[in-house]
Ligand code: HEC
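Before any questions on how it binds or moves, here is one chain, the form predicted alone, in structure tokens.
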């Protein structure tokens, strides 16, 4: 009788243990009643994704954070003026009294764009290959800072059209005639008459001219080839464009860097070439009858 009872107990104990184990596999709390099992860890609370931003919202990025576009930098105050008499006091001057354009760029007085129709950026490419050209005497060795020029220009602005190969030989007579460095210096960059010490670093600095008080920094006067009415010549203020765009935005793709080399006609501008690349009503004011006066100005009305 006792043996039969033990056998019956064994028959239900084993299924009961199996049932407990099965329940415990799904429920750690039930399993802890019969065995020394630690309680389950607390259920993590899901962190809600941040709301989409008003500046553009967008698709969720890594980690569920909302993506927002990089804000466009605020244009500097100098871009609010169209008059040289108002712009000049805002620009830093060098020791010779000329506008220090590179200083203005470094200090953020101006934030000229590298590309037409795109905001200004701070990802300057600085090619630091600065070197000396040997002169006829060590006193006249000329220093050329690539690192300064690449703030304004693209490599293609000068190579190979102006400087074909490394080691190109030229003289001050060539520069004074408007070739090589003279394509810019004496026009849109510091004048040759006072900037000797900026290139020939062993030559003492001196002033030999009166600093330019008007916007004569490569400003160009030209008459349209296909004009049909007596209107004032078109006037191009380089300084006005320089505070908004770097040289590489226009040179050499839109304009060859040589005065008289670009046969600009109103018909070409209206097709979106030359000045029409920007003056289309999107980047700058459109070319139309009611905007003629902005370029075709009598000399006495220019600043």
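Being a predicted model, the structure only gives us computed values, none of them experimental. Residue numbers count along the first chain shown, from 1.
If you look for the form predicted together with the named molecule, you will not find it shown, but the lines that follow are about it.
- The named molecule is not drawn, but in the predicted bound form it has no heavy atom within 4.5 Å of residue 177.
- In the predicted bound form, the named molecule lies farther than 4.5 Å from every heavy atom of residue 85.
- With a 4.5 Å cutoff on heavy atoms, residue 134 counts as touching the named molecule in the predicted bound form.
- Contact check for residue 198: a non-hydrogen atom falls within 4.5 Å of the named molecule in the predicted bound form.
- Screening 192, 93, 109, 161 for any heavy atom within 4.5 Å of the named molecule in the predicted bound form leaves a single hit, 192.
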